[in-house]
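Structure 1 and structure 2 below are two forms of the same protein chain, each written out on its own as C-alpha cells.
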Structure 1
C-alpha cells in the first residue's frame, strides 16, 4: 500500500463544517487504498490570537513558553478531525509532536525537524488507523515543546513525507494552487501547473505565503514532490517538483510582494573600513535579519549613507541597538514603515537578457520610484512605497506576459 501525507491549513479546518469536509477528503484517500497520514494546522485565527496574548503578557515573552502556548491550537484541530473520523466509523487518533516524537534542532520559535520516530505511527498505520499529527510542533533534546516558525505545518507535512517515504505530499489550502501572484491581490493572477523547487522557494521567501520557505528547502533537499490544492474545490492544483521535470518555461514564473518590511537609513556615516560591520554586528548577534542593503557615497568621500531593510517586528530592537552602539557615528536616522518589496522570480531570467531593464522601465512608466534594489540569479527585488504595490504588481504581471 502506498502512503500519502495530507496537510490541512488553518482555513481548511477553520470551522466544524470545514472539519467535516476535511474528514470526507481523508476518507476518499482511504477508499483509494492509501495509508493516510494527516498533518493539520490550527483553526484559522487561533495561532494569531495566541501570539497576541503572549504580547499582552510581555513584550519579551520567554521563547520556550511561547512555543508551548502557540502550538496549542493544533491540539484542538487534531482532536476534532480524529473525533469526526471515529464518528464515521474509521479508526483514528491524534498525535502531538512529543507523542510521536518529532525531534527538532535549533531555537525555540524557529526549530527544524531532525528526526521523526516512525515506530508508533507505523504500528498504527498497520492496524489501519489514520494518525492525525499536530503540525508546526516538535520536541527538543530537553524534552521541551518547540515550534517550526509561522506556517510551519507545511514543513511538518514535507518531513512526514520524507520519513514515511510517501508517494504524495498534498498541501490542502484555501486557494486551488500556486498562482503567478497572490490571487487575493491581483484578480488576473493565473494558476501555475508546475513550478520548480527553486522558484517556489524564492516566491515563498519573498512573500508568497502559500507555502512556508523552510518546507520548500526540505522538499528540495529530499526531492519530495508537493501538490498544492484547495480543500474547498476538487480542481487540479500545482505541482512543485524538480526543475528538469518542467518544460515550456516562461521567463518569469511569478511575482510577490511583502507586507512587513521597514527601511532604516543612517545618514552621514563615517566612510572608513569596518563601519558597516560595526553597524550590523550587534544586529546579527540579536538575531535581527538584514534583508536589502545599499550604501551610497557622498560627494566629499568622507561620509556615506547606509540604507537597509528589516522585518517590521525587529524595528524597535534595531533602533535600540543602533542608538546604543558607541562604535558608530551618524548625522541622522530615518525610518520608513510604509515600504514593500516587490519581486519578480523565474529561472528563465538566467538565459534571457534585458529582464532588469524591463522591470525598471515598467515601474518608471507608472511613475513608481525605486528605493532599494537587490538581485540574485533568479529574482529581482525592488523596494517601493507600499501604496504603489498593486499598481506595480499589475503592470509587471502584464509586462512579463502572465495576464
Structure 2
C-alpha cells in the first residue's frame, strides 16, 4: 500500500462540523487503499488567541514556554479528528511532536525538522491505524517542545512525506488551489493546474499566501510533489512539482502584489566603499529584512542616493537605527508608506526575450510610474504607488494572456 500525507489547515478544522468533513476526506483515502498520515494545524483563531494571552502575561515571554503555549492548539484538533474517526469505526490516534518524536534543530519559534522517528508510526500504520500528527511542532535535543514558525504545519507535512516516502503530499486549505493572481484583486484570476517549485517559491515570497517559502523550499530540495486543494469543495487543486513535469509552459505563470511596504531614501550619502554596508549592517543585526535596493550613480563622484524597501512594520525601527548611526551622513531622509510591489513570475521568461519591455510598456500605457525595479532569473518586480495596484495587475494579467 502506498502512503499519502494529508495536511489540514486551521480553517479546515475550524469547527466541529468542519472536522467531521475532514474525517470523511481522510476515510475516502483509506477506501482507496492508502496508508494515511494526517498532519493538522490548530483550529483557526486558536494560536492567535494563545499569542494574545502570552502578551498579557509578559512583554518578554520566555521563548521556550512560548513554544509550549502556542503548540497546544494542535493537540485539540488532533484529538477531535482522531475521536471522530474512532466514532466512525476507524482506528486512529493523536500524536504530539514529542511522542513520535519529531526532532528539530534551531531556535525556539523558528526550528527546522532534522529527523522523524518512523518506528512507532510505521507500526501503527501496519496495524491499519490512522495517525493524526500535530503539525508546527517538534522537540529539541534538550527534550523541550519547539515550534517551526509561520506555516509550520505545511513544513511538518512535507517532511513527513519525505521521511515516509509518501506518493502524495496534499495540503487542504480554504482555497481550491493557486491562482494567477489574488482573486480578491482581480476576478479574472485563473486557477493554475501545475506550477514549478521555483515559480511557487517566488510567488510565496512576493505575497502569495497559499504556502510559506520555507515549506516550499523543503518540498523543492526533497523533490516532493505538493497538491494544494480545498477541504470545502471536490474541485481539482494545483500541483506544485519540478519543471520537467510541466509540459504547457507559459511565459508568465502568475502575478503578485504586496500591501505592507515602505520606501526609504537617503539623499546625499557619501559615495565611497563600505557606505552601503554601514547603512544595512545595523538593520540586519535587528532582523530588518531589506527587499529592493537602488543606488543612483554619482554625478560628482562625491554623493549618491540610496533607496530601499522594507516591511511597513519595520519602519519605526529602521528610522531609529538610521538616525542613531554615526557612521553615515546624508542630506535628507525621505519615507513613502503608500507603495506596493507588483511582480510577474514565470520560468518561461528565461528563454523569452522582450518580457521586461512588455511589462514596462504596459504600465506606461496605463500612466503608472515605476519607482524601483528588481529582477531575478524568473521574476520582475516593480514598486509603484499603492493606489495603482489593481490597475497594474489587471493590465499585466491581460498583457501576458492570463485572462
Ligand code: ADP
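Residue numbers count along the first chain shown, from 1. No experiment lies behind these values; they were computed from the predicted model shown. Superpose the two forms; the largest set of C-alphas matching within 1.5 Å is the rigid core.
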Shown alone, the chain in the form predicted alone appears as structure 2
Discussion item. Once the core is aligned, does residue 11 move its Cα by at least 2 Å between structures 1 and 2?
Written reply: no
Large Cα shift (2 Å or above) at residue 291 between structures 1 and 2, core-fitted: yes
Item to complete: Determine, after fitting the two forms on their core, whether residue 266 shows a C-alpha shift of 2 Å or more between structures 1 and 2.
Response: yes
Shift in angstrom of the residue 328 C-alpha between structures 1 and 2, rigid core held fixed, comes out at 3.8
Core-superposed C-alpha displacement of residue 337 between structures 1 and 2, in angstrom, equals 4.7
